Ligand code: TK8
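Next up: a single chain in structure tokens, the form predicted on its own.
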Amino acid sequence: MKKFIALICSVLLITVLAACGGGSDSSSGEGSESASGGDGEVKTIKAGIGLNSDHPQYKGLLKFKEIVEEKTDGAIKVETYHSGQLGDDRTMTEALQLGTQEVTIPSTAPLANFVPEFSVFDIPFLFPNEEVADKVLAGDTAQGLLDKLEEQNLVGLSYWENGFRDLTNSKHEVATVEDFEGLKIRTMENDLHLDAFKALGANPTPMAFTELFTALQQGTVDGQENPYATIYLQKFYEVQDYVSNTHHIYSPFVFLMSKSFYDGLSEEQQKIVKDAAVEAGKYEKKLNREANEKYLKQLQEEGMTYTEITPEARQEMVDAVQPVIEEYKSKIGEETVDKIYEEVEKAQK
């Protein structure tokens, strides 16, 4: 009995010594302690988007996951969700504010509901091409808009790319302003988008992206507007007959993180997720531009009629929406609008 009690005491002593750090653990080296904040805690990022797993945006999200998990030695894990599994853009953005989700990557249009100045990127025909958009989004004004997100318990880490939005419909070719007349077009929940399409003569209908295919299929709406990659990968060609390169809006994505989660990271981890969002964004843009070129050809192969907008017809569209732009300048912020236009002009030189 005495030997048994002695054995039990020895086991307890060894256990106490190990708990107090008397043992050696190869996993508690400098790199592991730095990445996890020294407490061994593994943090998890739930990252959700509305687009499907074939879209360049999701591939960019996988690149972000790869970089973060590698750079933090697994101290931060990234769970990825596509196809609106966690909700639409607005639902996921609100989840970030509440701290129940960590990352989402919406277009700037729904973000205008949180920071009105983001509507500057919804000004029709603002950017003439992608190169100009790249320069302006890297400029002081666009970066300053990311800073404003902190007031909404959000952190904007970088701009990604949705791309130029183009029109599809099931009724007829759209080549001129007159062709918009009466078309029921699904838009995002953004007042500037709605009023711009009204000015063009269309009947815009705001609707969650997750509901769009069914609405097109059932004829609830006649058409929609998105970049070619989205049009193809969501198989809208199955329920749409016509596509026009209206290029009416260049739509950036914003890589968002919950501020409460971001603030809980160490400085080193904050730098890792920031750098990863930027690096993955460059990768996503490259894929997106390659995809849009490829998918336009495939949309035509699937039977869609493609209509090229002439410079003269595009100018008529610009003229039609100009009163809307003037009306919204004060709502967006005249200083923001003027600065962006100045940067667009400078970027073209």
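Heads up: residue numbers just count along the shown sequence, starting at 1. None of these values were measured; they are calculated from a predicted model.
What follows is about the form predicted together with the ligand, which we do not show.
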Quiz item: Taking the partner as it appears in the predicted complex, which of 269 to 277, 158 to 166, 140 to 148, 173 to 181 has residues with heavy atoms within 4.5 Å of the ligand?
Solution: 158 to 166
Self-check item: Single option in Ser244, Ser107, Gln240, Ser258 placed near the ligand in the predicted complex, where near means a heavy atom within 4.5 Å
Solution: Ser107
Quiz item: Among Tyr228, Phe121, Phe253, Phe197, which has any heavy atom within 4.5 Å of the ligand in the predicted complex?
Solution: Phe253
Practice problem: Report whether the minimum heavy atom distance between Lys71 and the ligand in the predicted complex is within 4.5 Å. | Solution: no
Exercise. Report whether the minimum heavy atom distance between Arg186 and the ligand in the predicted complex is within 4.5 Å.
Key: yes
Quiz item: Should Leu51 be counted as a contact of the ligand in the predicted complex, where contact means heavy atoms within 4.5 Å?
Solution: yes
Quiz item: Are any of the heavy atoms in Phe125 no more than 4.5 Å from a heavy atom of the ligand in the predicted complex?
Solution: no
Exercise. Output the sequence-ordered list of residues from 258 to 288 with at least one heavy atom within 4.5 Å of the ligand in the predicted complex.
Key: none
